[in-house]
Every structure is written in structure tokens, then in C-alpha cells.
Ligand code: NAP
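A lone chain, given as C-alpha cells: the form predicted on its own.
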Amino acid sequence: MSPAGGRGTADDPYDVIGLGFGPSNIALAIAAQEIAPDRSCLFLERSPDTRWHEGMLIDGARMQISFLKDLVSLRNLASPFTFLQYEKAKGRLEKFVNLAEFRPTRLEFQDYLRWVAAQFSGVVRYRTAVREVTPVRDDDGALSLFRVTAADTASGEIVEYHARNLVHALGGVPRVPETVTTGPTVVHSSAFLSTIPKTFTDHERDWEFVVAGDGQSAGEIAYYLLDRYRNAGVHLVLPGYSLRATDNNPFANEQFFEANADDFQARDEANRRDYAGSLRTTNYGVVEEGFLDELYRLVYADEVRGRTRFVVHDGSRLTRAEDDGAGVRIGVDSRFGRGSSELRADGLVLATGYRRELDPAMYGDVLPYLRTDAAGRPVVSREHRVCTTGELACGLYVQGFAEATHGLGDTLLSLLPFRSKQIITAIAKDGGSLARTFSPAQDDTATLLELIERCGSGTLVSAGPGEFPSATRLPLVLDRGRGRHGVLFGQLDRADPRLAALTGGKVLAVFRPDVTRAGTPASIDVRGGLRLVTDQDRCPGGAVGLEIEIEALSADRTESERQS
């Protein structure tokens, strides 16, 4: 069924539907609110709440990046959704600063993600699993909309939504060898914490574990098993000669700068391949250097006690695994001429990474319209839009699926603020966000002005040329005694960098009233002309005044009100 009479129908589609609501699409939700607040968005998430790598939220495990590389800081330090704003809201800002720690724990970062996600709960449908994406023809025969069919994971109810653009951010699928069947004793790292501790409850027993992989997850899992199961043996099957340290020197890390990511995308295919290969040790098959030291100390302490519990099978690859009831039989091939062997273990953990592709079952009706490269991967533009045939006019954007053309940072957190800006800017410029027509207001002008007065602050978006402008949230006072509908007045410090985007001309101001009050619209859009005021009497202390003479008002109703 479709949302009866409400947004999401073919007659009133969403501007954007985001598939998944993890870090990538949470960053997109922030960007949409700050850059193009008049665009309608909906996000569909399979899980009952916001979850992020829960299988690897090991106690004490830290992020490998600075807290400043959160969802928005590097794009907009003034955003209310930064990690430091989260700390302030939680009452821990001074204590966090006192830690003198740039890298928060993964557990705290997930809490930060949930804190941000909670502020967008009105545009997210949790427990909603996307089943199918289908292009829809309009009256002119063009494929101008996507129809998204999804199921409620609790009730099984089928729902349909329509959108002009989709942003796919469902993440990767665990990479599991075809000859391996997962279960309680054979798990991928994504299910490590949710499975292994529940399966192996006796922490004193002399279990035998095998871990396959050579990256950060493999190292952390090996350490966890050695530390929590003090009598267990751990075999590490890895393809290289040994575990290697991450190359995180500041020169190599510059590849994750916004400008360098753009530079990578501009290179030719052969050059990109060579460049990415030389930088693989910044992300793949490597373990953070300090953590390697901790693992080595743990292994050394065992040897001091006269026992060896950690065995490394270097230059090896796992070929098969099966649980025969008495344990897991694991086939291992050596790359260094030692032939094949078999390991017997109680449990196997696959730290073998993820593969990223558009699910053919979900996108079967869309794939024929997508352009692909020689390797069969979708061709993705600089703005992360999948290139399509001319017949498909609606936009399909992907997050984390273009590493080959956009660089190693494409699957990481570092570039999320910039990528979300690129995507929402492209969507907003397609058709002109500030020129978008609104349905007639259902409220009289006096009512809307009264609601604006109660808001006290709004999001101001200028309509300057070139790059789509960023939004500025600030207190705005309404003076009803001037102009036809009134004049909004605000102030910014003359040195405020946001002032550069507000150079005059037509602007959009978006106010969000308290929707808990019955009959209140979800948002009020005000359009008018902006004038800068530098009169010292009105703007003392070096401030610049912003005057917006209201020319038109429009109310965006809540979904329940539309249905009624």
C-alpha cells in the first residue's frame, strides 16, 4: 500500500529517499537540513534503531580517526550536530576535553550517531526493509520517478513510496568464501560480539579458535579471544608474512582531504589504480601500530608463563570450513610452498571484510539503465550520481560504492561531510531548490506570522550564483510593523565566515514550529529580499544586521494532516 493521500505518492513524491540510516545517510540528513531545507526527505532503515558495527563494539576499542572527523565538523563547524555539540548536550564536554584524547571509543561514537539520528526521527522509518526499487514512467513516457517497495519487519506490511532521487547507503555485505557456511561456531566479524560470547560461555575452558584475516578487525578479535578466554589457543590465518602497521603518517593521510579526493577522481583509470595501490596500507590489511604493541605484549606475557597460545599461519588462505558436530574443520593452503593442511577448532571468525554491490534482486528493474565500466561496476559521477541512459531521468546516488574512481576514503568516515554536501547540492541544483513551487498555504498569514514569532530562530538560505549556498541558522526577530507582511531581523558578527554567503538578493528562511501542538505545520517557508545593515546605532559592536522583507509565506503540513 502507499501512504494514502500523503507525500510519497506518484503525485506527491519525495525529493530524496535514502536507503539505510547509518553514518552516510545521517550525514546526508544533516546536509539536507543545512543546505537545502526545502527538499523533502525520507530515510528507510531495516534495523529497529541506529546501529553501527555492533559486532565490533569491543569494550575500549577506539576510533582510528579524530573526533573532528565526525558527520559535519569539517564542512560546518557551526552545525548543531558536531561531536562537540553532542558532548555538550550530554554534559560531558569539559570531561571529554580533560581526557586529552582525539580518538573516542567506538561505543561513544555510536552513541553520538544515535544522538544525531534521534533529531531526525520524523523523517526515518525504522524496521523497514527495502525489497525492490522500480523506475516509474510519467505521462510523457520518461522514467522520472523511483518506486520503493518495502516491508515492515515486525508486521510484514508492504509499503510503497515514490521519489525523484534515491541515495543508496546500505553498506557492504559480509564477504564469506563460497565454501564456508556460517552458524553459531562460524561467524563473520560483523556478528562477532552478538554470537561468539553467547556460543562460548565458559571462559576457563581451553577452546581452540581460528581467525582469518589481516586487518584491524582480525587483530582486535585475536586480542579479545586471548584476553577473555585465558586458556584458549588462537590461530591467525593471514595472507601476508605478518601483521602490518597502518601507515597513518600525516603526509599519507592527506589523501583523505576533500581536495585530494577530487584530484583522485580526476585521474585516468590506470593512474588511479597505481595511486590506490601505493596507499593501501593506510586502510587495508593493516592494524593500528599502538594496538599491535598491545597484542604483542599479551602474546609475550604468555610466553613468559611458559605457554604459546597464539599461532600465526603466514602466507596462507582459508579454503573451506564446515562444522561436523565435533568441531570446525578448516582447510588452509600455503602460498609459500608448504602445501595444504587442516585445522580443527571450536570456533572460526572471518575478518574478511565486505563486498559492495547493488543487490540484483532489489535493483533488477534499474540495472539495465545503468552505465558500467569494464569490471561491471556502475560508473559514478563526481557528485556520486550513477551515470544512466538518457531514458532514466531520476537520480540514483551511491555512498561508499565508488572507491575505484573516488579513492580509498570513499568507504570511510573521513569524507562523509563533503560527500553529503556534493550529493545534496547536486539534488538541490537539479530543478532549482529556491525556485521550487509550493502548494497553496492552508493557513492564513496572521497564523503563520504568529508561529514564526514563537520560533525565535530559523535557517536562512541565500540564492547566490555558483555553488549552492550553505544554510545559516540564527535568531530572527519579526517586526510586523514594516512591509506588507513584516520584516525579519537578525545579526551576525562582521568576522563570521557565514556572512560571505549572505550578500543580498532573494533568500529563503525556514522555521520549524513545535509540531507537538495540534494543527501546527511541520515547517514554514518564508521568501523575501535580503538587505545588509551596518548602521552602528542598530548594530553595535561590529555586527552586521540582516533584514528580510517578507514577500511570500508557505506552510508544509505534517504527513498525518495531509492524509486527513
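Keep in mind that this is a model prediction, so the values were computed, not measured. Residues carry their position along the shown sequence, with the first being 1.
Here the subject shifts to the form predicted in complex with the ligand, a form of this protein not shown in this document.
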Query raised in the report: Is F96 one of the residues lying within 4.5 Å of the ligand in the predicted bound form, judged by heavy atom distances?
Result: no
Query raised in the report: Any chance Y354 has a heavy atom within 4.5 Å of the ligand in the predicted bound form?
Result: yes
Query raised in the report: Would P174 show up as a contact with the ligand in the predicted bound form if we use heavy atoms at 4.5 Å?
Result: no
Query raised in the report: Heavy atoms within 4.5 Å of the ligand in the predicted bound form: does P80 have any?
Result: no
Query raised in the report: Does the ligand come within 4.5 Å of a heavy atom in each of T9, V148 and R377 in the predicted bound form?
Result: no
Query raised in the report: the ligand isn't shown here, but in the predicted bound form, which of 62 to 70, 41 to 49, 526 to 534, 25 to 33 has heavy atoms within 4.5 Å of it?
Result: 62 to 70
Report summary line: Students should find that, of G233, G407, G213, P417, the residue having a non-hydrogen atom no more than 4.5 angstroms from the ligand in the predicted bound form is G213
Report task. Have a look at P239, G183, G483, G327 for me and say which one sits with a heavy atom within 4.5 Å of the ligand in the predicted bound form. Result -> P239
Requested in this report: Would you give me the residues of 265 to 285 that have any heavy atom within 4.5 Å of the ligand in the predicted bound form, in order from first to last?
Outcome: R280, N283, Y284, G285
